[in-house]
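First, one chain by itself: the form predicted on its own, in structure tokens.
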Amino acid sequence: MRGWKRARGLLFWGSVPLIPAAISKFLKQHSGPLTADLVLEPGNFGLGKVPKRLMPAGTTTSICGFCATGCQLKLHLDDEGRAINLSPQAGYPVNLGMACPKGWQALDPLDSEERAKVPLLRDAETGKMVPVGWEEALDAFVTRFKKIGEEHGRESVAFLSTGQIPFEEMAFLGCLFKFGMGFLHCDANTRQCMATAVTAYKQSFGFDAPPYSYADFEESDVIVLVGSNLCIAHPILWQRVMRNKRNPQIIVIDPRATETAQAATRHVKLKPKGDLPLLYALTHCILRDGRTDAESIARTEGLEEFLEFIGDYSPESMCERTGMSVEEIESLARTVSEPGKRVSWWWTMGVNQSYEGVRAAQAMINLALITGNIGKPGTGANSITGQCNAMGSRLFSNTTSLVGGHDFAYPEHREKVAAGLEIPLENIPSETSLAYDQIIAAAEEGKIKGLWIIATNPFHSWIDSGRLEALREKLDFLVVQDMYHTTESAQAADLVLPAAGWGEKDGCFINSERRIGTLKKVRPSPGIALSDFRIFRLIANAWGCGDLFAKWTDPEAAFRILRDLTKGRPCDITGLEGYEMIDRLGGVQWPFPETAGDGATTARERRLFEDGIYYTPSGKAKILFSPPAEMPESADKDYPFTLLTGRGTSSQWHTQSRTAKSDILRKLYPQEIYVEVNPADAARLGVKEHDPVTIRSRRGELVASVYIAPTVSAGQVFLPMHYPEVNRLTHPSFDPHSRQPNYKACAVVLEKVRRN
């Protein structure tokens, strides 16, 4: 082949070394698709112009890699198959030709100068990060993690991963780590956004099964958004609400007058973390007045105990907890239980990121069950997911749940997975992994000595983030695998592995409504960065367990392996042939078993529980509840303000590691951190618009610019979560059922910064 040469066991393109000798030896020993893919496609190594087209010129489609709405984008390709522009896909049943600012600029982050292009290894003598080849990087990875494992056991190394990479890569990582490398503890950053919903659904329905379709936004008579700023966090879903022709009542339950609250027909401004007391008070009224659905209630368990419990939650007794009057509570109860009306309940992080989020989510599930608002158009108790592939992580990451919607605790599940993956049964642990916060705690205690971070940035995003800096000193070896070498986490690493980003690899995402969609490789990755899938293959071989994953030759091969594992589970997708079929059907909501029939005639919008049968042993949904707890940290005389956090603008995303790389997106949001302060509080503090103030909690402090906003109540302040300083303040408390952090409310004090 023109352009290739070989010297001393190294594979070169021009003068750039690609394959070190050890990996080249591996390729010689493994024939088949892997060899052809790695040796003949230099585009896999991100060398820019490549002799083989990435895709045919013209257009292709891909699911956006930001939030879990799951919009499909049309990618416009040049003659070499490289994406040069994009537009939203008109016919896709999710976004219907719409895109938010992030989607329109999805290609921008790929061109950043901050991309990780080569492995970086910290020099022991100078402490500086030094560029190395893949052979040296893999040798350091394997040698140091194996040494930790041999000295301290299989619980001494952990990984923290993501909801941002395709589920084929997630599954490969989880299976490699547990079944191949032999370690136990791992979790994904979906723990930070969706663990509450997962746990609530599992406990109530018997499986992590969001019941809805986005079409339900357009079919409801009453839409209740709890802790959900849909206009900003999920603007395309707000557009689906605006398409509703039933003249719906749109009710927003939130302490802040968010953009969504201002656009709604009714804003219920309750006290911070007054959601669970309010939901119980509404239930009390509805059951007291008999505004229930007998057929739906007959399909539940636990009603008698619930009736006794809910008697203590009259509107009168919950006024103080909610900040609402009896009349307001009674009126809202009538609105959400009016006979013949389709009522849908929706929640996001305002509920999930709480010390009692599971019970708040289940309180909405209970309301849907007792009023018959489930399994029908325009109904449901519906969690809106945060990250692009959080639903894929929930089913396939093999972290705290066994891959394919299975459970590590059940022998029959372990046997099925072992047979399906063709790995020894003894490689599959029966023990449960520690959750994210427990992994952090174990590292602080010196029990976990090695940590591998993949496609996430916990040194910014984790609650009370100052703990991570102290934690770093307890670790013997920290590896960060990411597309940027400049994230807070990568800056702290001993080894950085350069990974391809969205648009530079193939795979599948699963969105909030359970819809599986494909993403495409339309750009080469920079330097010698590799897709996470390829990195995992190289690690498997270097570790000595490559034979276990010999059939995981490429993402679509992995997809078919994972597809077959789902047989008989609620998430069964055995009816899907492959990526082409998914594209042809406009994405496919699970379940889609072999018995689904002719895919071309299958409905594009499908909801669960239309038959009233749930995934519990009895087939009935469980009504679950417990008394509301006190806030872990309430405002007091020393820290008199309650800090609220959330999404800032629709142009920002998480820790801004990607959105900050877009010139256009950066112009659409404030560059410096700001705090929303009520006008009365601003006057009392003697501060004006743009004045700097110090905000201090018991854990840390920051300086922010004042934005005077009547949208926050007196005694409350709001900080957007995207700025790195914010999580120095947040309180490290957790939901006892889901282990999800409580990001949304803690006590702070504000002080005017005195200028010299």
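In this text the structure is predicted, and so the values were computed from the model without any measurement. Just count from 1 along the sequence shown to find any residue number.
The same protein also exists as the form predicted together with a small molecule; that form is not shown, yet it is the one meant from here on.
Novice: Does residue 734 reach the small molecule in the model of the complex if we count a contact as any heavy atom within 4.5 Å?
Specialist: Flag for residue 734 set to no.
Novice: Residue-level question: is residue 500 within 4.5 Å of the small molecule in the model of the complex, judged on heavy atoms?
Specialist: Close contact exists here: in the model of the complex, residue 500 approaches the small molecule to within 4.5 Å, heavy atoms only.
Novice: Residue 440: heavy atom within 4.5 Å of the small molecule in the model of the complex?
Specialist: Flag for residue 440 set to no.
Novice: Is there a heavy atom of residue 433 no more than 4.5 Å from a heavy atom of the small molecule in the model of the complex?
Specialist: Residue 433: no, not in contact with the small molecule in the model of the complex.
Novice: Just one stretch in 577-585, 125-133, 403-411, 638-646 has heavy atoms within 4.5 Å of the small molecule in the model of the complex, so which one is it?
Specialist: Careful reading of the contacts points to 638-646.
Novice: Would you kindly say which of 359, 515, 394, 273 lies with a heavy atom within 4.5 Å of the small molecule in the model of the complex?
Specialist: Looking at the other structure, the residue within range turns out to be 273.
Novice: Looking at 366, 399, 382, 164, which is the one with a non-hydrogen atom within 4.5 Å of the small molecule in the model of the complex?
Specialist: Among 366, 399, 382, 164, a heavy atom within 4.5 Å of the small molecule in the model of the complex occurs only for 164.
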